[in-house]
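Next up: just one chain, as structure tokens, the form predicted on its own.
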Amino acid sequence: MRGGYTWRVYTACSVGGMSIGHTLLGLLESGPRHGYDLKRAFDERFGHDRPLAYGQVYSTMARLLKNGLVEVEGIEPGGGPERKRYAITDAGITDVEAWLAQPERPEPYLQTTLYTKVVLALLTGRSAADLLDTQRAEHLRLMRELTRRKSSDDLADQLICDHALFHLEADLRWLELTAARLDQLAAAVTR
């Protein structure tokens, strides 16, 4: 339903490009769950660096309910507010299937903050080389941290770290290329 209403709802509520609504729907396919259980399952599998806020879980579930993609299977009294147990509907399953079948749009990063900083440094007479060196050091620091993190037994976390490391390696190649061409870039931007 990429062109449909539900697709637009979920692209608006994403974390790091990930559709929270579709992810929660996918988690519900294994069986009904309370909001607390959904948050915990999300955080364990996808929220290593960015756990979901409870408010985000419940606001997303309210949208899914409104759009007919989940239903309340039961309500249990608790020490605080009533606990709703959500179940995915057939429409929700269809929506997850459609989302999973759609390829993600590659992000070419044509306008990055880093490029903007390099050009502004050159335009204002500051050292773009120092800026690139500082950024290279930060990339290398983060790469070392991710490499250490990969030593865990958690395969999912290892794959997430690999994804990040490959992007950081590409950034490092760009930093080296830009450093080698600083004179040319300076001439081009100051014309």
Partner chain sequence: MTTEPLLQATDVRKSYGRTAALDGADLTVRAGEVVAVMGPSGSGKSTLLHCLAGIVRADSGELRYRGQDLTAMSDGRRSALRRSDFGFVFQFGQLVPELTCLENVAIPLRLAGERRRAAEAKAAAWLERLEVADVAGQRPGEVSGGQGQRVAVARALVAGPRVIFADEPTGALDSLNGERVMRLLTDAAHDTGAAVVLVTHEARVAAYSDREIVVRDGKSRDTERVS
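Positions refer to the first chain, counted from 1. Predicted model, so just to flag it, every value in this text is computed and none were measured.
What comes next is about the form predicted in complex with the partner chain, which is not displayed.
Of the residues given (L65, I160, L131, M143), M143 alone sits with a heavy atom within 4.5 Å of the partner chain in the model of the complex. Proximity to the partner chain in the model of the complex, taken as a non-hydrogen atom within 4.5 angstroms, holds for one residue of T124, S59, S30, T147, which is T147. The partner chain in the model of the complex comes within 4.5 Å of no heavy atom belonging to A156. When the partner chain is considered in the model of the complex, L165 lines it closely, a heavy atom lying within 4.5 Å. Not displayed here, the partner chain is approached by E176 to within 4.5 Å at the level of heavy atoms in the model of the complex. At the 4.5 Å threshold, heavy atoms of R136 reach the partner chain in the model of the complex. Within 4.5 Å of the partner chain in the model of the complex, a heavy atom is found for all three of S151, E169 and L172. In the model of the complex, the CA atoms of A170 and L100 sit closer together than in the displayed form, by at least 3 angstroms.
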